[in-house]
Structures are given as C-alpha cells and as structure tokens.
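First, one chain by itself in structure tokens, the form predicted alone.
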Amino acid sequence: MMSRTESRIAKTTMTEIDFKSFPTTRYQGSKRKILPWLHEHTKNLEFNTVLDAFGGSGSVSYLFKKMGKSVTYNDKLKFNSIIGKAIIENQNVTFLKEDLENLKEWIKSNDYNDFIEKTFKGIYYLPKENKWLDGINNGIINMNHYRGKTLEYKKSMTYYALFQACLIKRPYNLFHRNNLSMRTADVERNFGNKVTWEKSFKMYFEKFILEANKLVFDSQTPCFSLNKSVFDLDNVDYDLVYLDPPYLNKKETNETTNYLKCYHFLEGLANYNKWEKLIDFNSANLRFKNIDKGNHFRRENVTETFEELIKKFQNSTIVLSYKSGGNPSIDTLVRIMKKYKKNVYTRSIPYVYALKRPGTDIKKSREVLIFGI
C-alpha cells in the first residue's frame, strides 16, 4: 500500500505524460491525435472522479487514468466496454505466454463452432480468416485457467487484440459495407494498403496482445468500465464529465451518429454465442436488426437530446467535445450550456478526421471544447 505522500508523488509524476505510449486506434472519431491539447485544457481543472460518457476507443479515459484520476469509462456498445475493461479498469493483469499457447491449441483443435465461416463468407474476410476468427472466439469463451476478475481481464485483453486485428485488416477500418472485393480485386490501387490487409490475423493478434500488455498500469486509483447508454446511467455524482457524443453533420445524414452501423461485426464478436439472433439477414452486409433503435442522436430531435444530456450532468464540471459545422451549432450548444452552468467558455483547434466527408473545408474544420464550470 502506498502512503499518502507516495501517492501524491505518483500522481504528480503522471502529469508528465508520454503520449507516444498511448494505445493506437483506428476508431472513427477518435481523439488520439489531439490528446496533448485535451490534456493542456483539462490538467488545471479541479477534479478527482471523471466520467467518460461516450468512451469509444478509450483514448481519453486512458489520458485521465494517466493523470491519476478515478475514471469511469462508459460506452453502450459491449465491444467498446470490453476495451475499457482491458486498459482502463484493469490495473495489473497481463497476458502471459501460456495464455497465448492455450488459445493456439483451441484454434488447432478444430473442435469449435464455425458460425463466422458459414455466415460471413465473402463479406469481410477470406475463408481461412473466418475460420481463424471462429477458433479464437471459441478459445476466448472457453478460457478457464483463471477465476473472477483475473479471468475477466484476461478475456478483455484478448478481445482488445482481436478487435484491433479485425480493424486493421478492413478497408476504411469499418464494417459499413460488403466490400471484401476492395482487397481481392486485381486492379491498380490508389487507396488503402494491400500489404497491410494481407498480413495474417495471427501476426496482428500477437502484435496487439503485446500492445495491450504495455498499456496496463496501476494508477493507484480505482477505475471502472460500464456498458450502458449514457441516458440510463444512474450515478451522476462525478467531479467532471467528459462528453464526446456522436457527430451529426449539418448538411447530410452521417453514419457517425450510429457507431453500431460501422462496427456491428465487432459487437457480434463480443456477443458470439447469440450473434445469429442479432443479425438482419435481409441486409447485404449482415448488420444487426433494428440498428437505429436506441440512437438518441437523430436529426429531428438532436438539440433536445443535447439539452437532456447537459441537464443530466449539471452538477458536475462538463467538458463537451464537438466539431464546428455540426448540428446543433457550437453557438446553440454554448447557449444550452449557459442555462445550466455559470461559467461557460470554449477552446478550439484545427482538426480534420481521417475519413473526412467530401467537400469538407479543411481550413474551417475545428474541434471545439465547451466547458461548463
């Protein structure tokens, strides 16, 4: 157990953050590249407990953990909450060589469900890759060398590596289209990296297991990972709440308001044993049924949704991250924030996401932080 003095020293040391050691990510809307800027504008705020309400890739939660805060990561997608378990809640469990060997034995055995191999033929991955995915999933489900939280964290780290491997082998790093042909077509290419796509799942999985191990550290402060809609969270008693909600473009319907459309395959991996019941078999890319159900961020009521969100956390310091040119506008969001918070101000930085929309004005595109103190 650390003394209070030692704990204060540890937290002070954490403010000297090496951002190069942070998790890599191919997640749409990730704040990974602007974490130093986020740190600069949050490090002097007074808070010990923090809720990252739309946790996503976990990059911002990981920043707060490095700052020595008690972090609650939340995301309504199960696969994301598993990432939160692996690198936010988990303080000391790592993945050992024998754990990897046990998984390899499952893959070699061929004694497992072939659901992905049968169901997703020709959609996202090659036949041998689908077979490997079935094997690794059954290996994770049947991990039994540990108990309790240790087992939970071991499994979450395995899934972390699996999700990252799946993303890196996908065009656009997404599952929004049935587009395996982008990999397999024998054509001259001006997009993507065929060399990257064709490297084996095994190689990427082992690479990301090593990455996961390096990300695990004991912050000396309890952290948690939740799997709920932000609107269903009962506890609102946090010193600071960071909100990075889905972005709705002013001009057009935008898939980034519904991450399940983009990442349903990863959500299926996280729900492997009941995946078949979740699939809409009438859809070309076998996405989930009722994929728009539960999406609060719809064009017709998005302003009311943001007000509900800000009102819910009005007793906490709020840091709301949004993009310029969105719906609602930054001015509208500031106006809503002022209804519930006395001290409201903004900070912004030029920022364009990797998958920018056609016609995006790069010079005018900015990431904006709205503070409500």
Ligand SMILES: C[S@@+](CC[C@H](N)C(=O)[O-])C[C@H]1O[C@@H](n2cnc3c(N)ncnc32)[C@H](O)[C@@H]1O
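The structure presented is a predicted model; accordingly, all values stated were derived computationally and were not measured. Quick note: we count residues from 1 along the sequence shown, nothing fancier.
The form predicted together with the named molecule is left out here; the points below concern that form.
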Looking at Gln164, Asn80, Asn90, Asn137 here, can you tell me which has any non-hydrogen atom within 4.5 angstroms of the named molecule in the predicted bound form?
Asn80
Looking at Trp275, Phe205, Tyr259, Tyr124, which is the one with a non-hydrogen atom within 4.5 Å of the named molecule in the predicted bound form?
Tyr259
Closest heavy atom of Ser30 to the named molecule in the predicted bound form, within 4.5 Å or not?
yes
Counting only non-hydrogen atoms and a 4.5 angstroms cut-off, does Val230 reach the named molecule in the predicted bound form?
yes
Taking the shortest heavy atom distance, is Asp244 within 4.5 Å of the named molecule in the predicted bound form?
yes
Non-hydrogen atom contact Phe306 with the named molecule in the predicted bound form at 4.5 angstroms:
no
Within 4.5 Å of the named molecule in the predicted bound form, heavy atom basis, the matching stretch of 63-71, 50-58, 310-318, 335-343 is 50-58
